[in-house]
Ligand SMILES: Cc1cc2nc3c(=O)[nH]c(=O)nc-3n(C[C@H](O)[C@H](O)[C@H](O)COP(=O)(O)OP(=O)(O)OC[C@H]3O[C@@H](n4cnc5c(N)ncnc54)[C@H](O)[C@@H]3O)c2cc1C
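Quick setup: one chain, the form predicted alone, written in structure tokens, and binding and motion questions come after.
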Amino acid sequence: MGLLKKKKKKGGLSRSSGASGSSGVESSPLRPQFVEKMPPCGNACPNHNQIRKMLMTIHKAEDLKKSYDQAFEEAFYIFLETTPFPSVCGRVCPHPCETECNRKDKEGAVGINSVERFIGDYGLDKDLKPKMLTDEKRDNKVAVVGSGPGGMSAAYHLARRGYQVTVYEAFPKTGGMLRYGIPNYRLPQDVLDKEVQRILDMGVELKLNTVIGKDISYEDLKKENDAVFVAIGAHKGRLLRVEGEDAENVFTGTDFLHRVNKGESVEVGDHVVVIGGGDTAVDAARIARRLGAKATILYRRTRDEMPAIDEEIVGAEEEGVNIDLLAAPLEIYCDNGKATGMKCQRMQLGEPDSSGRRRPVPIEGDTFDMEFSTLVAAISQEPDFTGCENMIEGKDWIKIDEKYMTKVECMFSGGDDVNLGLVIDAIYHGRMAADHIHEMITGEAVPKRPDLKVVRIEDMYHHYYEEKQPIRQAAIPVEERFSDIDREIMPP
């Protein structure tokens, strides 16, 4: 928001005698000057969506004599300048933009995430199509490996520029972790399907059930294309490395959610224990409740350190999920190939580790047993690098430079195979990789983002703004959530 600054001439204020030369009225040389600043919401968004512009487009509709339908459509296209997934992100993004909203220090942050969902759904309902950046159809070919948020974001931004884009997906359906790692009650698959199809309708070719590195080598893909963007995600769940985890009723978090999201029948019994404190762990526990089981989350730190979205933790507690904190597994007990329980260690927090969180330290001699019918280890996940090992450096995952290129020429990467992050992080990686692929092919430099000061609440006359309490979207009652495993918690 532009702020008024005072511009003062040297020597301070001057005295004017007025038109008659004798009025004694003092005039000022001070003049208002618009100084553009960076809104904290847009600065905090990993993809730097134009949040302020979108909100003001809607807010000023009547002043500019526009209908709200016109304003909503304009807002939709503002989103599509940076992201092809407003309906998806309006449901699953943890909205760091709202955390930085200046109004949070007045009466509460603007419900940006809810507005994004509304505008995204408006675009779907009206079947609004993306706007191309050129009518030119280029001869250049780009391969995208993976149809998750990073891969489809890159495909979208390249297609807008007229490139021939082919997306290769190892699974039978598109979406990556959006489809196979997020439950339908948070992200209905028909919403995902529509936003992906909108990208495919731009001329993007899709090849499903095709594993790059196995069915087609990365080297052959590189030979056939001017550039390759690798966005394979992180679908492999990490193991606990404790005795007994190879039992048939012990799953990794990604495997458990993958099976459920594919529609497989998963028998979980009467008590599911989930180890971990991230979104995957919370999702697995809430799915267990929908499958009719008691659910317990076992986490080695305190709730303050849980990396899961706070709203999802609250939702899990509302649905009866028990969270057992400061505890970690030591050993899994098995009987005839099935896990029946485990020995757990009580923990306490010590000094901070490299992540900044306090390190969990065992309390000597303080152990306990826990019984269960199914165990889900949702401690972390990692990519399957089969076939692209030459892009890895040392113990790191795929390494990229400031232009999102790997150490292999013309091969770019982004998303969870570079570093585990948010959906919106992967979308940003795909967008920036597309920009730099275009730069590599055409020589057109990627425009630099304006280096503007972020305007904070202390820089504003916030008393000028009328106080309005935030309106939050209501979730369906808890008792209605278990009637259908796929029922969306936040209804349209």
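Numbers follow the displayed sequence, beginning with 1. The structure presented is a predicted model; accordingly, all values stated were derived computationally and were not measured.
Another form, the form predicted together with the ligand, is not on view; read the next lines as being about it.
- You can rule out all but one of 344 to 352, 92 to 100, 237 to 245, 365 to 373: in the predicted complex, only 92 to 100 has residues with a heavy atom within 4.5 Å of the ligand.
- Of the heavy atoms in residue 437, none are within 4.5 Å of the ligand in the predicted complex.
- For residue 155, no non-hydrogen atom is located within 4.5 Å of the ligand in the predicted complex, even though that partner is not displayed.
- In the predicted complex, no heavy atom of residue 45 sits within 4.5 Å of the ligand.
- Contact check for residue 280: a non-hydrogen atom falls within 4.5 Å of the ligand in the predicted complex.
- Of the residues given (212, 196, 119, 377), 212 alone sits with a heavy atom within 4.5 Å of the ligand in the predicted complex.
- Residue 147 is the only one of 83, 87, 147, 252 with a heavy atom lying within 4.5 Å of the ligand in the predicted complex.
- Interface residues of 397 to 419, taken as those with a heavy atom within 4.5 Å of the ligand in the predicted complex (partner not displayed): 414, 415, 416, in sequence order.
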